[in-house]
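Only one chain is shown below, in structure tokens, and it's the form predicted alone.
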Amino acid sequence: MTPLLELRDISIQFGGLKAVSNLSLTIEREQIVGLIGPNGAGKTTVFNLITGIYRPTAGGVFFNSENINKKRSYERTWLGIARTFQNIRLFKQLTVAENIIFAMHYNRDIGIFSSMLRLPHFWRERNEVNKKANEYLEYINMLDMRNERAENLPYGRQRELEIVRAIATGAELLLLDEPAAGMNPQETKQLMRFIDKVRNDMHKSVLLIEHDMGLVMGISDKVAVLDYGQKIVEGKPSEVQHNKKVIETYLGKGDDDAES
């Protein structure tokens, strides 16, 4: 079976600096992959290459076997790639339901003419969108908060709403940028369960950047480690945790100290 996402020897250079160098990585269907590394290692740049904010200077980004190097960001959303950010980017003045409905319009075809004249197609489409939005909200136990403004939700629930809003675009692949940022340990554990539930129930694939090693190692099927734009290790969490290069990268220990 072909991977859902494949990065083939991608590189990007800004002036004389190679931010990412010859990176290859695959994400299978219904797989959770952690992408970790020190600050400045190139993790966010990889997300930007996948979502089309940047284009690689070498190599290719393949989604469902299609080279998407020349696709714009919105076209990649149409194909099934959605992203969340370290700082939650909900429409905080809108209601919980409106946030979901807004995202669903990426894959809806309601023309201006139908909307202005309130033709039957418009009403059918609107009813379908509202029904589907309610299903998403029921899934995350927020149906009773449907008309609540997003800014009034607890922080952890805002993060869940943001992830479900990404799913509502029709995404097959979710790129989660530090989803546990700002969370306490209890919220982080709940988030871990939620991400795993989304993978299993909705059959989504996930690539996540995260500094919380407990979350990464506890939920990922495999982990890739970047340092100075290069992949230094890739493997199962248990293998990566005890890898000498990873210990040196994170703890700055020398060869002798890293053995202890």
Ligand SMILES: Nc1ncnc2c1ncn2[C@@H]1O[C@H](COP(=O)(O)OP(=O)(O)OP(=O)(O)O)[C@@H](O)[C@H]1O
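Only a predicted model underlies this, so the values are computations on that prediction, with no experimental measurement involved. We number the residues from 1 along the sequence you see.
Beyond the structure shown, there is the form predicted together with this ligand, which is absent from this document and is the topic of what follows.
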Would E162 sit within 4.5 Å of this ligand in the model of the complex, counting heavy atoms only?
no
query = Hey, in the model of the complex, is G34 touching this ligand, heavy atoms inside 4.5 Å?
reply = no
Taking this ligand as it sits in the model of the complex, is T95 near enough to touch it, meaning that at least one heavy atom pair lies within 4.5 angstroms?
no
Please determine whether H211 contacts this ligand in the model of the complex, using a 4.5 Å cut-off between heavy atoms. yes
Per contact check vs this ligand in the model of the complex (non-hydrogen atom within 4.5 angstroms), the hit among 62-70, 43-51, 190-198, 230-238 is 43-51
The listed residue (N184, Q86, N152, N130) that reaches within 4.5 Å of this ligand in the model of the complex by any heavy atom is Q86
Contacts from 178-196 to this ligand in the model of the complex (any heavy atom within 4.5 Å), listed N to C, are E178
